[in-house]
Every structure is written in C-alpha cells, then in structure tokens.
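Before any questions on how it binds or moves, here is one chain, the form predicted alone, in structure tokens.
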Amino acid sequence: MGNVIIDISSYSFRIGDKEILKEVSLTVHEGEYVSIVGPNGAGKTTLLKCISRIHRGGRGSIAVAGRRLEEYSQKELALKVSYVPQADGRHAPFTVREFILMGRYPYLSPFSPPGPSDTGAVREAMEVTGTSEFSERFLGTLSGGERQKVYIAAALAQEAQVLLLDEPTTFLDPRHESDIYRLLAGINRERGVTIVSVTHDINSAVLTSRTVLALKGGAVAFCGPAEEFMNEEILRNIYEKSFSLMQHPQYGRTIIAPEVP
C-alpha cells in the first residue's frame, strides 16, 4: 500500500447551528479506491467539499500529502486534489475541449496561452475518457453520460493525485453507469490515481472499492474493507432497514439482492 495521501483526524464541521460532520477520521493511501456511502443527509458531500476546501474551517484536521489544508495555496492544492461535483443539470457555454482545458488552471498564468504540456494533457484526458470524438461540441448538446465523462476528463487534465467524485453516476442509465464505473476503475488501476467517491449505489461501492466509509448523522458508522461492509447487522444499523444479501454470480462478492415491490 502506498503512502498516506489523505489523513482526516477527528474532524467536525458546522454550518450555522447544525453540526454536519462529527469527529470523522479517515486515512486514504496513494492508489486506493474509497467509496463514501450512507443515508441522505449523512454528510457525504460535505466531507468531499471540506477535503477540496470548498468548505473551510471546522475542528480537527485534514492533511493532504502530509500537509494540513490551510498550508496550501489554492493552486498548490489543485495539484494534489481534483473535484467532480454532482451533476445539477446546468451546462457551461463551452465546447468540450475548452472545458477540459480549464482543468489546466493550476499550471496556467492569466495571460499566457496553453503550452504543449497543456494541450498534451487535454488530448490524453480525452483519449482516456473517450471524449475526443465530440471535442468541438458544446456541453449542452451532450447526453448525461457524455457530459459526466467530460467532467472526469477535465479532472484528469488537472493531473492531480486524488480524484474526488460526488455521485458520478447520478441520473445515468445502466449502460452509461457501467461505462463510468469501468472508466474510474481503469483510471485507478492503470494510472494510479487515488479515488474517493460518494455514492448511493452500495453494490457498486463494494464491487469497485477497496475501502468503504459509511456516514450516519455526520459520524463514522463503518470504515473498513469493502467486503466486511456487506453484513446484515451493519447495513441495518446504518440504513434502518433490512436487506437480503446474495453472492454476485460473476465476482463472488456479497451484494444486496434486488427488492420486489
């Protein structure tokens, strides 16, 4: 296992009078794939936004690559961490190539044109994500699955060590959902990018991740190997409902069986 890339220690975060995160601790190693799961309102998205410093403050500590977040400039942090937010239906008025090039902002000065390293990173990110074929199309003309790949491509062009994703398959049909999971698994396995992904898809979390962090009410309810998370008692305590478990016919891992209405 690689060096520690994210180290969260007894971290709490409050918005107004409401404590969203409560004494959360998590250690992520280089090259690891971590899924963050839990009920609605558990604090999953807030935790990603705290790691990426969209939210600032809080008690406890968050360190990236051995340095506390507050020690980084914004450009320095962008060299370490990239963030893909949850899809919200809005479309930026840019072509795919223009949007992906924006991922190079940590390397560009305001008045300098992109250099060979920038155009090369954009080209490689489009090749990896399969977005080259619509590089000159505007984002608003793409399907949801195509746009999600573009957002991931922009994060890859940023060339950060850690990729944070908030519900990367929201609103996608099963085929595009599978495409995104395969893409992320390949990025993690072949390029060594550390991935921390928020998801409501428990089965996919267990099948793709090495580690699962489950939050409930802002606190850690489980943190450990993905295969150990698939336990009836653990799941019932977190989600306050019962689940039927089964073995995946192809991978042999325990998953949640579909429910019949």
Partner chain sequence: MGKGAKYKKLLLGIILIFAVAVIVGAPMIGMKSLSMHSMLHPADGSRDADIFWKIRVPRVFIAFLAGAALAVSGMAFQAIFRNPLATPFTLGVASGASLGAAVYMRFGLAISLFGVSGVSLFAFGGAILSILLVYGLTRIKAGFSIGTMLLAGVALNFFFSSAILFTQYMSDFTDSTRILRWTMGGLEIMGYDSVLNMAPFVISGAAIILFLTHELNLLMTGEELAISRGANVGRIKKVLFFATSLMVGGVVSICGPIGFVGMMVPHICRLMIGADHRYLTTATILFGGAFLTLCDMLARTLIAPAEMPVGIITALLGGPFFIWLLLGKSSSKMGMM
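Residue numbers count along the first chain shown, from 1. All of these numbers come straight from a predicted model, not from anything done at the bench.
FYI, the form predicted together with the partner chain isn't displayed, but the following is about it.
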Full three-residue contact with the partner chain in the predicted bound form, heavy atom 4.5 Å, for H176, F229 and P258: no
query: Does P114 make contact with the partner chain in the predicted bound form, using a 4.5 Å heavy atom cut-off?
result: yes
message: Is H91 part of the interface with the partner chain in the predicted bound form - any heavy atom within 4.5 Å?
response: yes
message: Test of understanding: in the predicted bound form, would V81 fall inside 4.5 Å of the partner chain by heavy atoms?
response: yes
query: With the cut-off set at 4.5 Å between non-hydrogen atoms, does S143 touch the partner chain in the predicted bound form?
result: no
- prompt: In terms of non-hydrogen atoms within 4.5 angstroms, which of the given stretches 168 to 176, 117 to 125, 187 to 195, 92 to 100 touches the partner chain in the predicted bound form?
  reply: 92 to 100
message: Quick check on this chain: which one of T199, S52, T46, T211 has a heavy atom within 4.5 Å of the partner chain in the predicted bound form?
response: S52
query: Out of 147 to 161, which residues reach within 4.5 Å of the partner chain in the predicted bound form, heavy atoms considered?
result: Y151, A154, A155, Q158
